[in-house]
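One chain comes next, on its own, written as structure tokens: the form predicted on its own.
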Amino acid sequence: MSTMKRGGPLEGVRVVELTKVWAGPYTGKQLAFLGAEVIRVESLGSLDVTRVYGVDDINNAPGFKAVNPQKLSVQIDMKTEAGIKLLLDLLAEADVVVENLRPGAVTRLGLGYEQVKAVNPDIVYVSMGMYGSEGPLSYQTGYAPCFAALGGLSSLVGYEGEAPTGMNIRYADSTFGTTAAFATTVALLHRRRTGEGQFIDVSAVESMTSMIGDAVMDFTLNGKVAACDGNRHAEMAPHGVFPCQDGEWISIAVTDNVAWQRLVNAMQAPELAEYASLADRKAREDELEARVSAWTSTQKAESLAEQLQQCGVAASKSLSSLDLIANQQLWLRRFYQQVSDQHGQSRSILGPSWKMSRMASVVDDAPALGQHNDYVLGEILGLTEQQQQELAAAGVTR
């Protein structure tokens, strides 16, 4: 089976995406960055919300472009019998399929694991659901805020005595998607060793709960239910984000008694040196945070962070999206990469968050809807131009 040459450890692996919104596409994004040929199956009659949200041009939507670089797009209407046949033919030529449609949808369409396994016995089939595909709640579906809440994270985000405030929705989707990508690569390694494909059942709730194992273990060992505590840390004080001039913020983490003395010296507040132990500082944490805030509010965040780092205190400016775009470290590491869209226009995108010495560094833009119909239908499935025209005329591939 020949695929587009991508470079990277997964070169030669073909992935078919039956995905929507963020988590499933994020899985494909990670696999594409590792060199896999990732084919998104889409249709004009059932567009991904990220293609249409807040924009008029479905091929120039920021949300879609952010999560779908380095992929191919083929238009196949999964609501038609002919479309399902085409999809099964495509899956017969694939190594991996990733789906995060509503529970039961793929089985009703005739694209469940057993149905796909019948045409491709060694397929790695990745199913992503809020509660996974088994158990009494597997019928339920939801979005990232649900994942974070049901996984136990939302209850930890906020300040003492206040209601939980939640978190940015992308965190849950991206974590869930990365978990699925990790499981996929392991399954591919297993298949290479044994020749066996398998079904991978990934739960968003379980993915999120795995991020707070310490809180779960604390109850198991000590009977303590973790609660919101702002940015505080059980073994560091002060530990938080403090206001600076111009509406900016600085993160400061005092890791031990030596770092505390260094912060006291930087603040020129010798009277605070009496809080020499962690226990002393935790007992007066409100007071200390107020003193630190009063000091930082008179400072520039970036220069103060540099000053504290030089004297051995862990500190950094809390960066905005504009700060990140201007961050020279990220540009020098080629985290931001130049790509050209289907019209030849150049722009920058976020590349992989890793560097590999034996991996190609060229990244492509997210695809236009159906941009790779000719390649998928012609080269992979071997359809003639006349057959492709007939399918397009019937509305199956447009």
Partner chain sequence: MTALTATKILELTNSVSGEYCGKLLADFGAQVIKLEDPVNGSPTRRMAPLATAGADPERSGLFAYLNTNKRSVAWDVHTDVGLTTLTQLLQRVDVVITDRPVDGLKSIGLDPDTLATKFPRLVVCSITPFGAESVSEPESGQPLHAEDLNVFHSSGWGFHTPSAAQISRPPLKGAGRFLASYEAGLEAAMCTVSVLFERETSQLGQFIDISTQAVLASRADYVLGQMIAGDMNVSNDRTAYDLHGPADIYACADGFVYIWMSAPAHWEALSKMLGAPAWMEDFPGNWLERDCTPERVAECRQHVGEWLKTQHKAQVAEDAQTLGLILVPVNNPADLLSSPQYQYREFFTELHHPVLGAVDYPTVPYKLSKTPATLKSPAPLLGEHNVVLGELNAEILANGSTAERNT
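Computed from a predicted structure; not experimentally measured. Residue numbers count along the first chain shown, from 1.
Separately, the form predicted in complex with its partner chain exists; it is not shown, and the next lines address it.
Engineer: Looking at 261, 299, 115, 185 here, can you tell me which has any non-hydrogen atom within 4.5 angstroms of its partner chain in the model of the complex?
Structural biologist: In short, 185.
Engineer: Go through 108, 193, 79, 85 and name the one with a heavy atom inside 4.5 Å of its partner chain in the model of the complex.
Structural biologist: The residue from 108, 193, 79, 85 that makes the contact is 193.
Engineer: With the partner removed from view, which of 85-93, 221-229, 279-287, 266-274 is the stretch that lies within 4.5 Å of its partner chain in the model of the complex, judged by heavy atom distances?
Structural biologist: Single hit among the candidates: 221-229.
Engineer: Please determine whether residue 245 contacts its partner chain in the model of the complex, using a 4.5 Å cut-off between heavy atoms.
Structural biologist: Taking the distances in the model of the complex, the answer for residue 245 is no, it never comes within 4.5 Å of its partner chain.
Engineer: Since only the chain is shown here, I'm wondering whether residue 62 would be in contact with its partner chain in the model of the complex (any heavy atom pair within 4.5 Å).
Structural biologist: Taking the distances in the model of the complex, the answer for residue 62 is yes, it comes within 4.5 Å of its partner chain.
Engineer: Taking heavy atoms and a 4.5 Å cut-off, does residue 343 contact its partner chain in the model of the complex?
Structural biologist: No, residue 343 stays farther than 4.5 Å from its partner chain in the model of the complex.
Engineer: Does the 4.5 Å heavy atom contact test between residue 378 and its partner chain in the model of the complex come out positive?
Structural biologist: Contact check for residue 378: no, nothing within 4.5 Å of its partner chain in the model of the complex.
Engineer: Which residues, if any, of 121-148 lie within 4.5 Å of its partner chain in the model of the complex when only heavy atoms count?
Structural biologist: Contacts from 121-148: 131, 132, 133, 134, 135, 136, 137, 138, 139, 140, 141, 142, 143, 145, 146.
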